[in-house]
Structure formats: C-alpha cells, structure tokens
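Just one chain follows, in the form predicted on its own, and it is written as structure tokens.
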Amino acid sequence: MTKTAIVLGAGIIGVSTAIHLQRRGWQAVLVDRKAPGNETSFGNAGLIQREGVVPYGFPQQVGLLLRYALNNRIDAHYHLKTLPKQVAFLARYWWNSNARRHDAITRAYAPLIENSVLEHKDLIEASHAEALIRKDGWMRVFRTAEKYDQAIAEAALWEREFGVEYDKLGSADVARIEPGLIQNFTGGLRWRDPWSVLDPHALTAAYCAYFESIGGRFVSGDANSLGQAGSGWRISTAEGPLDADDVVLALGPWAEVATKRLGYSFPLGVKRGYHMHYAAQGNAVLNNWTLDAERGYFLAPMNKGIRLTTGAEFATLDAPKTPVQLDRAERVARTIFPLGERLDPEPWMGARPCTPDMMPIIGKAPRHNGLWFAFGHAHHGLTLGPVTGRVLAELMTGEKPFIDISAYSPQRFNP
C-alpha cells in the first residue's frame, strides 16, 4: 500500500521535503495556514550560499560584545525586556561559538552546504524556474584594509578546507564591477560558487507547483490541530480531517510550540530580520548581490526592486515589528548607492529558527513513531531546503541518506 505523509509547513524546507517524498512513491500532502512560501521563506537575501560553510557564531571578543551592548548597530539588535527569556539560549549559543567547538560544528555542518547548489539545481530544472536564478556569485565590499585582509585570509582558508572559490578584488575592480557605487571601497571579495535568486517567494511557489504536478496536494490547515490517530496522525484542514501514516514538522520558528505540545523541549531561538525594496535613482544600476561587510546590511537587485536586508534582531517570535535596523541600514546604504523611493507599503519581517549549536534539527522524533523533524536552519533555510528534503525523505523511506546526518539528530536535545 502507498505510504502517506503530512508535511506541516510550506516554506522552502517543507516544500522540498514533500517533493522528495512524492518522488519516492509516497502520497504527500503539504499543509500550512498560509500559501506556500509566505512566512520566513518570503524574505531573505536570496542566496544559495555554497560558500556558507561556517555557521554564524556568537561574538567572543569582549570589546565587540560591549559594542553590541550599545544596541545601535545594523547587524544586530535586541529587545531589552525580552533578554531574560533568551539568556539560556544565548549562553549556550555563546558557549558553542568558542573557537574549538565552532570548528567542530563547522566540519559537521559542511556536508549540507557543500551539496546545496546541486540539490537546488535538481529542483530548479524540474520546476522550470531557471529564469529566477543567477549563477554569478555575490560580493562583499570593505571599507578598511584590516577587514579586507582578514576576509581574504579567511577565504583562502575556506578554499583549502572546503573547496569554495573566490576572487580577490581591488578598489579599481569593485568600481569597475559596480560603477553605480558612489563611495570608494578598499577592496572586495567575490564568492564564485553561490547562486542568487531574483524572487525567493516565487522560487518556493515554483517548487510547490512542481510538487502538485507530480501528484502532491497543498491544503490549508493549522498545525495546532495535530494529534495521533491510531497508529498514524491526524490534522484538521479546510477540506476536513486529514489522516496519514507519518508527519513532518517543518514549521520553522513555530516548531518549538508544536513540539512542546508533543512532549519535546528544543532550545530554539529566533533571529528576526527585515527587508524593504527600493527603486534606483535615475539610470543607476546595481549589478551584484552586495554586502557592505563592515556595516552588516545587504543590497540585492531582485525582480521587485533593490532589496535591502538587515542582520539579526533578538526578540520573541510574537513581538511587534521594530524595524530600527532597517532605518539605520537605509541611511548608510544611501551613502554608497543612489537608492530611490521605498516600493513596499511597510517593512517585511521574518523570523529565523536557530539552535544554540548552529545546526538544524533533521530526523526522527525520539519518542513517537511516524513523527519527523526538519527545522532550525537559521540563516540558511533557503540554501538548505532541497538538501534537507532529500536526506529526510531518504531516511523516512528506509534509504541510506547520501550524507551523514547524525550531527543534526533531534536526540542531541531530546535523548
């Protein structure tokens, strides 16, 4: 008999998982309260980050921590009144970011990143989404020689250790590649391997359309209604009760609530982020996905305009929007590129689900049959969607995952 699965969460992780289950002969139903790709997957820098082998660690230097404590930066912001609720998570995050532990985590994390572009390529071609993709990498630009030299040395190390490729750019190279920049930079670094996405929401929607074309279904429903039904699982949907043999929780930052109802405790933190689209003034053109490395914001030339993205905001998931980082970033961005008017009615905000050891949670629930987890991808949700979907589907169908995923096991938090 055909095995059935409910995949809760129609972001890039859930959609990719549903595709890979459907391809393997299961009947998968994708369930979300919103249309596919309308939560965290909607807004990001739009990068498939093959170079992102090193997870974002918590600062270790006392001087830098003190500067962050002033709470006036673009790359990080925090809600003071919610810090007490986040202290335990932040302490474990800081501890895991120690140089020795961070290096071990990086080596365990690298196999996911190393396969990210190839796994996206498979789904991009299957969903005929090539028009949404660029394959020319992205660029970091630097204001000081110290930071530039440090970044080049780090890139050389990553090239030796993990096979990522880069180009070292001088000041004249940056000016030639981006003539629209109105500030001189000391230099730049172009990562060659990553692909960029002109509309991340459209890419998730294209993947979902492909999922439906191979026999999958998407229905509207609420993860809060999930419960066991005999030897399987049941959820309430707009089309009535839905039963399945297995269920995948790919709920991003909402996974903590859903898993807690089932008796699990995951130390899932949230890093919120904002974006806004802008027109360019006059004939100005931004050619590349560009990070102002020492200020901590991204400019990305997307279909909807030039997308300005911020760093991380440490706040509770349900806290009101506080887009102060976006305002700070816009003021600085206007000094390096002639941004025009805002194109969105209000800033978009999303929440990245983060674990204190910087690795996702992928695998079987320790205490329930037919329950599977796929969340906690932090800054690399878009990057890791297809590779996560493949390895989890392989595990669920009894295949040997094509990479070792033992480091991402839910049992590291729930033995």
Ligand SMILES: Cc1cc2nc3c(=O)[nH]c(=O)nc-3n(C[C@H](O)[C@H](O)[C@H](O)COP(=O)(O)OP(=O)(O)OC[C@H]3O[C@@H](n4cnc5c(N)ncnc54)[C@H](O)[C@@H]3O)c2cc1C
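All of these numbers come straight from a predicted model, not from anything done at the bench. Heads up: residue numbers just count along the shown sequence, starting at 1.
The form predicted in complex with the named molecule exists for this protein as well; it is not shown, and the discussion that follows is about that form.
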**OP:** Spell it out for me: taking the named molecule in the predicted complex, does every residue among R23, P386 and V391 have a heavy atom no farther than 4.5 Å from it?
**Re:** no
Subject >> the named molecule contact at V257 in the predicted complex, heavy atom, 4.5 Å >> reply: yes
Original post:
So in the predicted complex, does any heavy atom of I6 sit within 4.5 Å of the named molecule?
Top reply: no
**OP:** Considering only heavy atoms, tell me if G188 and the named molecule come within 4.5 Å of each other in the predicted complex.
**Re:** no
**OP:** Indicate whether the named molecule has at least one heavy atom within 4.5 Å of a heavy atom of D357 in the predicted complex.
**Re:** no
**OP:** Considering the named molecule in the predicted complex, find the one stretch among 89-97, 280-288, 219-227, 324-332 with heavy atoms no farther than 4.5 Å from it.
**Re:** 219-227
Subject >> Listed residue (G305, G137, G273, P338) with a non-hydrogen atom within 4.5 angstroms of the named molecule in the predicted complex >> reply: G273
**OP:** Scan 95-126 and write down, in order along the chain, each residue with a heavy atom lying within 4.5 Å of the named molecule in the predicted complex.
**Re:** none
